[in-house]
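Heads up, the chain below is alone and in the form predicted on its own; it's given as structure tokens.
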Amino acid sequence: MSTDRQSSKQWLLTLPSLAWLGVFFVIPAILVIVTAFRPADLHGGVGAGWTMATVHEVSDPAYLPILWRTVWFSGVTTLVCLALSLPMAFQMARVGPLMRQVLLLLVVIPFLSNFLIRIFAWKSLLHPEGPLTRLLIWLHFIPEDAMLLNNAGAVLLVLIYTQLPFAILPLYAAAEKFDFGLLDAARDLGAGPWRSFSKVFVPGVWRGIVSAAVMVFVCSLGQYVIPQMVGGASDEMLGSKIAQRVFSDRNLPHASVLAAGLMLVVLVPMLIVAVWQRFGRKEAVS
């Protein structure tokens, strides 16, 4: 009886979270999928009836480069953020309490300013007459006619800047629970600093790595402000196309098909990771 009561209490505690996800995620996702199979009307709304015409339009091969560019930008951003945040989380978990609070504050500070202001600040820095460009030219790191703005490098740089805190925080939460005595034991057994870090610490914070990777990848996939402000004409991402269909073309079904495709790109890797964690770990243990 006590087990049943404990189970019922757990369900009651999770009901608010389930209701939140249902109202603000599941229902909107269903509405997006339903709208994808409706026709567009002349007034920018959704017409009556059902159609597959919009799905056939989006299957045009012209969208493949945009989809590939979106996945490539997001994947590179995720890998770089993980590479930068792993040593950062490692050090944050090992320093003293006061220094740890200072480092956490530095990680969170970007969230205290508006997202658009931060992107505009990077646009000003990367401008041909901006301070960063002039400094690099003065140091002879780049030629006089170098363009740091309106290219793929600028998009990747700003994507990494905006998404890095989303990688550091979950990795720090995992590193804080890690038993660093295992690293000392590995060093006593002859492992070097890099070997003990890669073979002991990284597997020990694996859940934090997965959480950070999913968070950064998902947030990067839907970006459209960054490519629009610091990218060029050839750096358009799928989020930019969705925004164009919604605000400029007023074609909600077309935007819904693109958004549904973006959801598939997100859900498929998440399902693969979930299945691997569910069954792959059991096979490894057995």
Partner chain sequence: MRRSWLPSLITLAVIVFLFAPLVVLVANSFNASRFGGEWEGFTWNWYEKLWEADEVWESLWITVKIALSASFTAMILGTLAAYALHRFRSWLQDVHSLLITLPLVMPDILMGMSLLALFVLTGVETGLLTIWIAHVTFCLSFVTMVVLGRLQDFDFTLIDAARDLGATRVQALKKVLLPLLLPGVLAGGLLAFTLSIDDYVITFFVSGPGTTTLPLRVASMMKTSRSLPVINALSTLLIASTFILAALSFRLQRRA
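Numbering follows the first chain given and starts at 1. Just so we're on the same page, rigid core means the largest C-alpha set that superposes within 1.5 Å between forms. What you are looking at is a predicted structure, and each value in this text was computed from that prediction instead of being measured.
Although not depicted, the form predicted together with its partner chain is the subject of the following passage.
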is_contact(Val246, its partner chain) in the predicted complex, heavy atom dist at most 4.5 Å = yes
May I ask you to check whether Gly222 falls inside a 4.5 Å heavy atom distance of its partner chain in the predicted complex?
-> yes
In the predicted complex, does Thr35 have a heavy atom within 4.5 Å of its partner chain?
-> yes
Does Leu21 make contact with its partner chain in the predicted complex, using a 4.5 Å heavy atom cut-off?
-> yes
Which one of these stretches, 201 to 209, 68 to 76, 144 to 152, 182 to 190, sits within 4.5 Å of its partner chain in the predicted complex when only heavy atoms are counted?
-> 182 to 190
Members of 125 to 162 lying within 4.5 angstroms of its partner chain, judged by heavy atom, in the predicted complex | Leu125, His127, Glu129, Gly130, Pro131, Arg134, Leu157, Ile160, Tyr161
When you overlay the rigid core, is the Cα of Leu64 off by 2 Å or more between the shown form and the other one?
-> no
Indicate whether Ala53 shows a C-alpha shift of 2 Å or more between the shown form and the other one, with the rigid core used for the fit.
-> no
Establish whether a shift of 2 Å or more occurs at the C-alpha of Val26 between the shown form and the other one, with the two forms superposed on the rigid core.
-> yes
